[in-house]
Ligand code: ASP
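Only one chain is included here, represented as structure tokens and corresponding to the form predicted on its own.
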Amino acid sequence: MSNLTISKFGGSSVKNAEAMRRCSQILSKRPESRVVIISATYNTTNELEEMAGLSLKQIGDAKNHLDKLFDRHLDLAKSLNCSNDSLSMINELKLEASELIVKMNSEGHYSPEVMDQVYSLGERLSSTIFSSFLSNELKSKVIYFDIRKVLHTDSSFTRAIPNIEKIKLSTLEHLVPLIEDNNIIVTQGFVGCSLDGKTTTLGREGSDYSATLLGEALNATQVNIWTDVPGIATADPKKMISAKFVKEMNFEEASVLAKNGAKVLFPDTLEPIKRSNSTVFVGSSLNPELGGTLINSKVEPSRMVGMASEFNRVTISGTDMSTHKEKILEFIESYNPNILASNHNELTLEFSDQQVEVAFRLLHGFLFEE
């Protein structure tokens, strides 16, 4: 669909009432955003996992945990003046969660299939609240939409594989008419449905992937991924204050960075957009005025590299690291790390636990000094 934009808001972008208000302001300035995809509120997926674990040990503890989780969401809905219908939907979701607790407790375990039902509650909660809130804020009609009607997958529970052609057909049938009637659609990320009607998920952090799958199916002009940082950086800006944000990059560069540790993008996110030749924008819902990173096929390769650290390892990745070869070799000679992997687009170095954070900062300075 021409001039259609998809907007996806991550968990940190919808974590509380203030955050949801910022999302509404972003959408009010971007009327081309007709489809809005919402992640679970911050830390909710982890809380649902904890609830599942408690259900196997002590059903009373699990239900107390459930009460706290749903009370938080009810308080959020009330603070945003959500409708009575949305409050009823939240209570229905709580009943579903309670039944799942009983099921897991009686069976003494939880299968990947059951966990996908548990996981889906987070996105269904947040999208229920946000769709009701957005109805009060925008002039256009806002429709809550169950993504399971269109995002078809196989039955690989907790890491389901999308059925691209069936997604396109169902989107044409169920979503396109709603969009053409000038509605705004609010739906869930991360969640899908198997061909036999069972709830699935795309894997942790899979909401970005949901957004680009719908972007491909709807032939959207752009997919906006709103998060807590203004774009893709040379390193995690929460770990590296001197990290540099990149204004533009091509799909290949972004894919390499995502697969080698750039946590702002889910590794599979870019595949649907590459197939449809659309554009992805990554920006901050906290500070949208700062701009962000634009990813498309028209950007010339910059030979940029990015860095990520995890445990006692540092990974440097890029489409062509030859530009930085001399600096990298100089660093290796000076600090003598173990080389765990080395190829044309990835180098993984291992340090002692005491060295790794210092090494990460020093190596970033080596590569990106002015």
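Residues carry their position along the shown sequence, with the first being 1. Values in this document were obtained by computation on a predicted structure and should not be read as measured data.
Below: the form predicted together with this ligand, not depicted.
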Whether residue 216 contacts this ligand in the model of the complex should be assessed with a 4.5 Å heavy atom distance threshold; does it?
no
Should residue 247 be classed as touching this ligand in the model of the complex when contacts are defined as heavy atoms within 4.5 Å?
no
Applying a 4.5 Å heavy atom distance criterion, does residue 162 contact this ligand in the model of the complex?
no
Whether residue 207 contacts this ligand in the model of the complex should be assessed with a 4.5 Å heavy atom distance threshold; does it?
yes
So which stretch, 98-106, 80-88, 198-206, 129-137, is the one near this ligand in the model of the complex (non-hydrogen atoms, 4.5 Å)?
198-206
Stretch 96-123: residues contacting this ligand in the model of the complex, 4.5 Å heavy atom cut-off:
123
